[in-house]
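There is one chain below, alone, in structure tokens, taken in the form predicted alone.
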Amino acid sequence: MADWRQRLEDTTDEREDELTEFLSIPSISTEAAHRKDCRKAAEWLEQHLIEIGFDTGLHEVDGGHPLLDAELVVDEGAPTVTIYGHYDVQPPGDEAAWETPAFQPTILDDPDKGRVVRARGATDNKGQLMANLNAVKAHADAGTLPVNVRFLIEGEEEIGGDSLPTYIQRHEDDLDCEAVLVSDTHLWDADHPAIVHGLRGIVTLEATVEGPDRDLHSGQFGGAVLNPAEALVRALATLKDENLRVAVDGFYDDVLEVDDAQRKYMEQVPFDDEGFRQETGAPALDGERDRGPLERMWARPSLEINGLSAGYAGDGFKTILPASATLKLSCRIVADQDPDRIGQLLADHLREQVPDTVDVTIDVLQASDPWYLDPRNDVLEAAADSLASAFGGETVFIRNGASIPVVPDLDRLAPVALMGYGMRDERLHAPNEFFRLESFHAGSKAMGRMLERLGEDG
């Protein structure tokens, strides 16, 4: 029987060629002009999975971009593993900022990073997705695939589409599995692979305070009519207390506090406060008192003013009392907090703080759930061992302060292991995005070993 690892070694050039072919498809989900390219990317993946032996189906859920559901059953009695990925990518942005065209993949030798492939979608998520597909193919070709495998690959991750959550809701009983594997995150650093076991959810809202029906002359009307900008700023000042805690009644009621076991995992993560400060460019780190930076970012909710607009801010001066003021605010929430409840609490608080001599309109725009999985879990432990075997170094268990809205939906199927192969410096969403080819190949080895582990444990 052939060895799947040898099969990977023997097909290195072929796999890199396939990756560059996939990356050349401009599957930009946010732009209607690229709708056909999104379908082309889905069909490209479908054909590759058919060649491996998968039964496949492309589904346009409620008119969305195609969702690929592909299943390979090797043994009805074996465990089933679901692998998630997305084929859609961000727009290239400023094309003049790219050193090579975004959809003309370029492999080059970087003196600091080794061999890399530069293209939009290289690290987010086409490169990581192909690493996993190649692992399954190597096992299938070698006759060593120990588990049944399902791929769920969407084309709406970058736009927060509903196709995959809706599909899971409608077909949950048919999607039963023992583990869900997601490679859409990054290593902690070059010496430490990482398993992400927690994500914050997000709540966003927009508030508009309206006063007079037009901008007024501040000399003729100032002091007689309440300034909407002042009313909004005074309300915002009540959102946090002197310890930088959110001062909204009930906000912390359901927060899952960090216990000693969870704190131990955080302490095992190599973190340099000063290096992180330099990365941010901020003069100092600050936040909720008596909490370290990692706990603040990973395990505590946060509230940020994302944008304020009112009056005149151009060159020179315009002495007006503005007709309106607008706020954009976001809140990252943590395990056990309900996004709908938090949105309502924030909206109610702001309404109470704005005087009735102006009008206020508040809309909650987005509300997605947080996600947390105790790292003392067989699936996560298997993923940690698999990453360490492929990348070297000790795997650390981390959380991520950002949100991946699809993960709570996937968690309805089985425990989710976020075992990414990227690095934070690979310019995802920015010009000149790239992916280290060493990580591309190591990722295939990590996934290949993970499939073995799940077969052994199953």
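The first residue of the sequence shown is number 1, and the count goes up from there. All figures in this text were calculated on a predicted structure; none of them were measured in a lab.
This protein has a second form, the form predicted together with another copy of the chain, left out of what is shown; the following refers to that one.
Put simply, of Leu329, Val117, Leu72, Cys177 only one has a heavy atom within 4.5 Å of another copy of the chain in the predicted bound form, and it is Leu329. For the candidate set Pro146, Gly311, Pro91, Gly250, a heavy atom within 4.5 Å of another copy of the chain in the predicted bound form is found for exactly one residue, namely Gly311.
In the predicted bound form, another copy of the chain stays beyond 4.5 Å of every heavy atom belonging to Gly160. Although the partner is absent from this view, Asp241 contacts another copy of the chain in the predicted bound form, with a non-hydrogen atom inside 4.5 angstroms.
Using a 4.5 angstroms limit between non-hydrogen atoms, Asp110 is distant from another copy of the chain in the predicted bound form. Taking non-hydrogen atoms only, Glu304 approaches another copy of the chain to within 4.5 angstroms in the predicted bound form. Stretch-level contact analysis of 378-386, 160-168, 127-135, 212-220 against another copy of the chain in the predicted bound form, using heavy atoms and a 4.5 Å limit, identifies 212-220. Contact with another copy of the chain in the predicted bound form, defined as a heavy atom within 4.5 Å, is made by none of Leu19, Thr123 and Ala142. Of the residues in 223-247, those that come within 4.5 Å of another copy of the chain in the predicted bound form through at least one heavy atom are, in sequence order, Gly223, Ala224, Val225, Leu226, Asn227, Ala229, Glu230, Val233, Arg234, Leu236, Ala237, Lys240, Asp241, Glu242, Leu244.
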